[in-house]
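There is one chain below, alone, in structure tokens, taken in the form predicted on its own.
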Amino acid sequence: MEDLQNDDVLIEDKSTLDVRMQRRSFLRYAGAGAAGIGLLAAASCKKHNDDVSATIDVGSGDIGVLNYAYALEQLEAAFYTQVVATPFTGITSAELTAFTEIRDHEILHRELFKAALGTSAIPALSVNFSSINFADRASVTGAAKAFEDTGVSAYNGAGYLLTNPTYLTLAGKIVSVEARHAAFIRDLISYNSFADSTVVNNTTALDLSRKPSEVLPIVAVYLNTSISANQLP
């Protein structure tokens, strides 16, 4: 596994963000301790095929769940990086600021998972955003809504699989941020739709959840890389 004993963990996206976090800050942000990091350090390090034509399986157990989340965060980070790089026609300065903040959140989420997984991490994914017109407001916000709603339901549907409380805490912190993103995007599209019946069960007042087997087919249209989660329930 990747050595996490260095003084820094580099969190970087050359086109958008270059932040250097002290190792202590990383562990404090993630809520991780020696036992949590040790779990991944003790895990077998699986080599993945970088050929985008091959299917990449996220793995099993906590490693599998973290890789699954890492894949989704890669996708979201790439999407918002493009949104900010090529703003849609008519975007306001306030909207651009908000999308920039969301982009930075997603990059940080992606890099948190990458740093924690080390050599157990799946490779960088090849995205396919050909179905999105980044110059069109409705196309961008509609895609953002799909990403955020799906992402929240994905965390809800996989978080319970985590056996290490450190990672469960981290997932809880991240999904709450993703829910804030989803609420913002939904209200951009239709005011006060942030918690309507399409995402919240009105009977139980609980957010909807999806299993990995339900989520991956939804996001597959945005990926050239084929991803499977056959070792997860």
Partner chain sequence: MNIFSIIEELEKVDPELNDRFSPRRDAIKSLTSYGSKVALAALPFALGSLFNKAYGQTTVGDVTGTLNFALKLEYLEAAFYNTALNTPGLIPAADLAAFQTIAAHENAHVTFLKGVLGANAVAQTSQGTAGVYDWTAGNTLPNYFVTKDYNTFLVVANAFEDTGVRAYKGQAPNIIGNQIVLTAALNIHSVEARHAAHIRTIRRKINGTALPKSWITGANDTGSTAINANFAGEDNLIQAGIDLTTLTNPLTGAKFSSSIVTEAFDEPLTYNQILPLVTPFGVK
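Numbering follows the first chain given and starts at 1. It should be emphasised that the depicted structure is a prediction, and the values quoted were computed from it without experimental measurement.
There is another form of the same protein, the form predicted in complex with the partner chain; it is not shown, and what comes next is about it.
Enquirer: Applying a 4.5 Å heavy atom distance criterion, does I56 contact the partner chain in the predicted complex?
Expert: I56: no contact with the partner chain in the predicted complex.
Enquirer: Within a 4.5 Å heavy atom cut-off, is N164 in contact with the partner chain in the predicted complex?
Expert: Yes - in the predicted complex, heavy atoms of N164 and the partner chain come within 4.5 Å of each other.
Enquirer: So in the predicted complex, does any heavy atom of I63 sit within 4.5 Å of the partner chain?
Expert: Contact with the partner chain, no.
Enquirer: Classify E76 as contacting or not contacting the partner chain in the predicted complex by the rule of any non-hydrogen atom within 4.5 angstroms, answering yes or no.
Expert: E76: no, not in contact with the partner chain in the predicted complex.
Enquirer: Report yes if all three of V83, R137 and A146 come within 4.5 Å of the partner chain in the predicted complex by some heavy atom, otherwise no.
Expert: Not a single listed residue reaches the partner chain in the predicted complex, so no.
Enquirer: Taking only heavy atoms into account, state which residues of 179-200 are within 4.5 Å of the partner chain in the predicted complex, ordered by sequence.
Expert: Those in contact are A179, R180, H181, A182, A183, F184, R186, D187, Y191, N192, F194, A195, V199, V200.
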